[in-house]
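The chain below stands alone and is given as structure tokens, in the form predicted on its own.
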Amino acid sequence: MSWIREGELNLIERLSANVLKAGPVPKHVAFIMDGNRRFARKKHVDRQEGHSQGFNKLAETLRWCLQLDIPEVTVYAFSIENFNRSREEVDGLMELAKLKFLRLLDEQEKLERHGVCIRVLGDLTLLPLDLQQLIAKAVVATREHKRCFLNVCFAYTSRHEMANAVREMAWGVEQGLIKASDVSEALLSECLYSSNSPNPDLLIRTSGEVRLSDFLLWQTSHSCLVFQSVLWPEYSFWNLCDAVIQYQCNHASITKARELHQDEQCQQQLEADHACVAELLHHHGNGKPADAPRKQEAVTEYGVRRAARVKDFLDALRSKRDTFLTELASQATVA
């Protein structure tokens, strides 16, 4: 099954999509694609077939999202905790992933035509080397596409992602790129695997489970969460429409919460800059308190220097990550 399923909606679906698009439409939707194994039991087929049907549903869902003007989708494809499943199932999932990324590489022309950028978020070093190389090759091949984005969370948990972001900031301090005082909530967000994407507007979990299972915990603090009982391989266009309607009903409160949080972050950064400047003036002053204009000028100058440090650090971090992927991709051999 292709990663990109082409085709138009039927008349009723098109009319419904146009009605939905008259209101606020989420620009980024995340899916916990749950229910593949239960679907397999329900249909009396093996687990591998359930996972394969789940991938096919992803391709169909991406088509619906594009026709609803949703340009970015993030999916939870494989949790680090899934390594605890039976060896047979884990090996089967790794083989399925290899087949799908090989298929993706065969579809580069179609992906380019639709402008699809594929990103894989997670700790690739936990995966078999040949799969790492295929993933890197697929990511590098599509990273210049800008029309729509598919983020595949593979070998991922949110706690692992946040711990890695802390390690990245520690690396920045060790390298002298940033100061310990530059570390902030906003900087941690920029060090996550998902730093190239806006936070999801809408997160959908299927199968009736009402937990996040360590998925995008940081990024969904101000997102609309929708839990649906349908098993993922049975997901429909109408299930997606229902979730979008729930997002629209809560759009105003979500927007307000995000704006308040952004204001709080700005205030926290300003207070941190004031504290750093006060300490600097104390150490380098003549014992006399600085007047207000001098303090304000010093805070402004410090903020400019901090922003420059942070930019240089983030540029270095992106370069490190890009180099890792490019080197992996160059090692890939495609049969």
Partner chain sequence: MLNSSAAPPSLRVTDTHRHQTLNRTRVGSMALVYELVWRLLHVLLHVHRTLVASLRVLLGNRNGRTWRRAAAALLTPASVAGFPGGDDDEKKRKKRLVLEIDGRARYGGGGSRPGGVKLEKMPAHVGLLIVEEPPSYTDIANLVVWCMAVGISYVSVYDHHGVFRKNNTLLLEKIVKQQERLGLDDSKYSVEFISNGNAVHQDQIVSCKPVVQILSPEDGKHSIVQAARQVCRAVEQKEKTSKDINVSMFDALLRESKNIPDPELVVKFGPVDSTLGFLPWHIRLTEFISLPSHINISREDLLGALQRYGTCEQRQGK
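Model, not experiment: these values are computed from the prediction. Numbering follows the first chain given and starts at 1.
Another form exists, predicted in complex with its partner chain; not displayed. Remarks below refer to it.
Comparing 116-124, 171-179, 100-108, 137-145 against its partner chain in the predicted bound form, the single stretch with non-hydrogen atoms within 4.5 angstroms of it is 171-179. M162 belongs to the set of residues with a heavy atom inside 4.5 Å of its partner chain in the predicted bound form. Interface membership of L150, defined by any non-hydrogen atom within 4.5 Å of its partner chain in the predicted bound form, is ruled out. Contact check for R167: a heavy atom falls within 4.5 Å of its partner chain in the predicted bound form. Proximity of L317 to its partner chain in the predicted bound form falls outside the 4.5 Å heavy atom cutoff. Judged against its partner chain in the predicted bound form with a 4.5 angstroms heavy atom cut-off, the residues M94, T323 and L328 are out of contact without exception. Exactly one listed residue, out of N56, T300, Q268, Q48, brings a non-hydrogen atom to within 4.5 Å of its partner chain in the predicted bound form: Q268. Residues are counted as partner-facing when one of their heavy atoms sits within 4.5 Å of its partner chain in the predicted bound form; in 209-244 these are E209, V210, R211, L212, S213, D214, L217, W218, T220, S221, H222, S223, C224, L225, V226, F227, D242, in sequence order.
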